[in-house]
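First, one chain by itself in structure tokens, the form predicted on its own.
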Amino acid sequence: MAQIPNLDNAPFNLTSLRDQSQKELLNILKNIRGRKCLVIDPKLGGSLSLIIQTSLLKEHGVELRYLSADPIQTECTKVVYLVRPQLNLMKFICSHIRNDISKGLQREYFVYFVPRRAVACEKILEEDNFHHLLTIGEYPLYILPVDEDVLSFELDLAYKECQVDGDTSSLWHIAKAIHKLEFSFGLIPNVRAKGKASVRVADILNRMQAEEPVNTSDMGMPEINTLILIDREVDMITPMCTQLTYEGLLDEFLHVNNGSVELDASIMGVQQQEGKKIKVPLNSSDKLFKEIRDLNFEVVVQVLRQKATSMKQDYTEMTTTTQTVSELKDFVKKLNSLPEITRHINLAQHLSAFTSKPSFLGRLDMEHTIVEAQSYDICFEYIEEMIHKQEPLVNVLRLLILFSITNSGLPKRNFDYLRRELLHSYGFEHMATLNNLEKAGLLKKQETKSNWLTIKRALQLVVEDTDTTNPNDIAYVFSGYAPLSIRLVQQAVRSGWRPIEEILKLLPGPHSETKRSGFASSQSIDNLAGAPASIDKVTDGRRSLVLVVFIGGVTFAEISALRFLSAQEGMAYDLIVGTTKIVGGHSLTETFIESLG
């Protein structure tokens, strides 16, 4: 399992949050006496690896298995299922019990839903008449600390469910997760929301506070001063662009999952394990990764080269001159970082094989051309050619979504033509995919003139001559494009949203700003940035916090841009990220791909 991230440097006490989740899981297991087989929903495996070590589970008499259609092979008489409330998973559980009964095996079954039970799932268990054999409970895992400044609600389908299926149950989960945070860190006095889903979450949060209030009188000053909720729908341009930070590129090519990547051992220089996959943890416990994760990849290569050169010089000095004991000690200390340097040189070398390809550079140029919104015909022909070459469908759809959004849809003739060509090239079963994209408004016929140029200029989204080595603007994360979502956050913490009211109206969905009761002394929401003297400090003098929640997912590049903002001189707040899931253009587009038949 992936290395559990160290949360000691988190801007607020995330360790207590993680410990609570670990304790709740262990209590469930302790209450089931004797040896037991814990069958985990595969989608939860990565999440649990960030909370608890496998060795700790084994100490509690647990045998681990992953849930699939295959029957469970175990000697244990107690089987504990830990699953998300998904109908297809219930069918697996029913088939397991049916199989056990047919073999005459007598077992006790426990089903724990994460984070809460669902009537539809229990109905399936009832219909198969297994309800009386089961003990049903909940494991309320609403928040997962992925790193010291990132919280995930682990709702990977939230965007598609809201936009296409009309299922908004994830919004209740998000509000519940935030309300849970408030019980630990105080009622958040200021809430800003942009987008349909965000405004709904803000409303649900207020309703939860009315029904189950956080006691404001005995908690002192709240640790989180402001909550900013942003719908992914407000900015679907950013995730469709290729991320150019180190961590972003690792995700683009190797798919980071719950703080680790899985790749061939040979890439990491492990020769004797040919063809074997190994997991490489990526979180701030790795000091070198913490230093380079948010840098533009061009700069990362230079930093690693410098570190390797300096190590080589130290080694030469060691072998050619006489050293004092303290110099030897310093050298040995430096040697301790050698595994980290080697690890990242291997990863960077692997990434360079992709980033140096003409096809990759050509695609980047095309993304910039689309974002500039200047040369419609060139972009159209490029996408047409991709379809005719049968490039991977996800790659084509990413560019097509970017093209459609920046142009507010495609003229009917072009729209019908590309739709037809896509179905001819990739098969008519993808009608469902195109239908999903149309329902979500990501691919549509042009009905009104695009306002992208107005938004781009007003928020300065394209920054010429971006210095990636010593950046002075968040645009460095995409080498010249400043993520729209983060520009909105930047505006919110600097001067509030009132000055950009007209631009906000051009973006999808409503927006709201609320001041919640109980904190008359707290800063006004209009002047969030305020003068440093007036900034709310929590009791021990740390900076106040702004929690930025992305409903529908956030990319690593956006997280890097927020960290960059947080580190700026004169910045009065620590920014922390909450998200339904960390996504990339690839994973987000894939949620819409569906084949008929």
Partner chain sequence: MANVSVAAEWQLLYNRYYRKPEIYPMQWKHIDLSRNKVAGAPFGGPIAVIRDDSKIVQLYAESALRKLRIFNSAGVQISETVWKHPGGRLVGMAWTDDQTLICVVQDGTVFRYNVHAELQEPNISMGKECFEQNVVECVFWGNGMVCITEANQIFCISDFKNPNPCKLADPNLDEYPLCVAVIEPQYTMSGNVEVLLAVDDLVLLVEEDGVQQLGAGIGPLQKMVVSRNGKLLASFTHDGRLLVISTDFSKIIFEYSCESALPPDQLSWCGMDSVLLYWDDMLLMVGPYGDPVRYLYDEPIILIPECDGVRILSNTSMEFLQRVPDSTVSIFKIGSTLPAALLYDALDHFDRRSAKADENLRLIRSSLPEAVEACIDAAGHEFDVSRQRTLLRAASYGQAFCSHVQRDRFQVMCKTLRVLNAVHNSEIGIPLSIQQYKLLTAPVLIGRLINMHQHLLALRISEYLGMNQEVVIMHWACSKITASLAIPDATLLEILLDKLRLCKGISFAAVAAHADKNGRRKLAAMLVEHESRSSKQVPLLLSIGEEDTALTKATESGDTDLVYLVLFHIWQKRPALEYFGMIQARPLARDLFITYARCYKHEFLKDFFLSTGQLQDVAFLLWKESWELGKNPMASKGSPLHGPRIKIIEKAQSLFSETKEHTFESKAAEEHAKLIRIQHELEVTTKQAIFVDSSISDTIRTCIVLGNHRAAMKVKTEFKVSEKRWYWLKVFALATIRDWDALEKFSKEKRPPIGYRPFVEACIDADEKGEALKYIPKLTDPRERAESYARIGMAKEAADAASQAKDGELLGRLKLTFAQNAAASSIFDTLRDRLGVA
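Residue numbers count along the first chain shown, from 1. Only a predicted model underlies this, so the values are computations on that prediction, with no experimental measurement involved.
As for the form predicted in complex with its partner chain, it is not shown, yet the points below apply to it.
> Among 88 to 96, 104 to 112, 243 to 251, 507 to 515, which stretch sits within 4.5 Å of its partner chain in the model of the complex, heavy atoms only?
Contact criterion met by 88 to 96 only.
> Go through S450, T168, T466, S495 and name the one with a heavy atom inside 4.5 Å of its partner chain in the model of the complex.
Only one listed residue qualifies here, and that residue is T168.
> Tell me, out of E502, E211, E262, D377, which residue has a non-hydrogen atom within 4.5 angstroms of its partner chain in the model of the complex.
Exactly one listed residue reaches within 4.5 Å, namely E211.
> Taking 4.5 angstroms as the cut-off for heavy atoms, does N435 touch its partner chain in the model of the complex?
Because a heavy atom of N435 falls inside 4.5 Å of its partner chain in the model of the complex, the answer is yes.
> Just to confirm, F183 within 4.5 Å of its partner chain in the model of the complex by heavy atoms?
Flag for F183 set to no.
> In the model of the complex, is there a heavy atom of its partner chain that lies within 4.5 Å of any heavy atom of R457, even though the partner is absent here?
Heavy-atom contact with its partner chain at 4.5 Å: absent for R457.
> With the partner left out of view, is K287 within 4.5 angstroms of its partner chain in the model of the complex by any non-hydrogen atom?
So K287 does not count as contacting its partner chain.
> Using the arrangement in the model of the complex, list in sequence order the residues of 366 to 385 with any heavy atom within 4.5 angstroms of its partner chain.
Residues within 4.5 Å: E384, E385.
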